[in-house]
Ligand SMILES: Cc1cc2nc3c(=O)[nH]c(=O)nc-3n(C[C@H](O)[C@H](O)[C@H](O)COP(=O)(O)O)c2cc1C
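In structure tokens, one chain follows: the form predicted alone.
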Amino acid sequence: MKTVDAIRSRRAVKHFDANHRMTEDEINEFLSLAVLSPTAFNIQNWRYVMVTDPALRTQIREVAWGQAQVTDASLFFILCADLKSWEKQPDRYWKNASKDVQDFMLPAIDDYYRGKDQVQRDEAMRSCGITAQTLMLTAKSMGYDSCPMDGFDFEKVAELINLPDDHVIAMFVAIGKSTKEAWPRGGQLALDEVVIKNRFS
């Protein structure tokens, strides 16, 4: 499927075939494409908690307003980010670069993030948002549907997955075979309302 077709046809699906199982090759395809998503300074701060334990999924569903996607989707991701990835062996992110690039990037990373908690969190959310879209467009291109989700108790989910203190949860992404079509699009705002040329008036 062409990228433009995946974008046009992707919808948030709420009903999945709970009996459908993906192959290991399909799962690996999803993950290998997801990690190609861009991150600032290449810090790769996303963390994909892929929940496969049915009992844990049931517990998560209980703190996610009972939404069936949590238990019924073939793949269920809790997208998290490591807020401190920028300082955890940052040389790893540029190991294949030339020395002059490394000498520029490593101090730049430190200068951009150190002591800036809001910047670290903002970057985490940007990174997870981008990789969520990568997952959803990959799903559509492979014949699957998806649902981005934020309707859940973040603190309780964090407890259930033993989220480290220096990590944050951004959202869920459920992927699988739909059993019911999504609602028709509610209506897109006109381009002249959402596209601002140069500056706000």
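Numbering starts at 1 and follows the sequence shown. These figures come from a predicted structure and were not determined experimentally.
This next part talks about the form predicted together with this ligand, which is not shown.
Taking the partner from elsewhere, Gln67 is found to have a heavy atom lying within 4.5 Å of this ligand in the predicted bound form. Although the partner is absent here, Pro164 is not a contact residue: none of its heavy atoms lies within 4.5 angstroms of this ligand in the predicted bound form. In the predicted bound form, no heavy atom of Asp53 sits within 4.5 Å of this ligand. Within 4.5 Å of any heavy atom of this ligand in the predicted bound form lies no heavy atom of Ile43.
Picking from 173 to 181, 8 to 16, 21 to 29, 189 to 197 the stretch near this ligand in the predicted bound form, with a 4.5 Å limit on heavy atoms, gives 8 to 16. The candidate spot formed by Pro38, Lys84 and Pro90 is out of contact with this ligand in the predicted bound form: none of the three has a heavy atom within 4.5 Å. Just one of Met149, Ile60, Val49, Ile169 comes within 4.5 Å of this ligand in the predicted bound form, counting any heavy atom, and that one is Met149.
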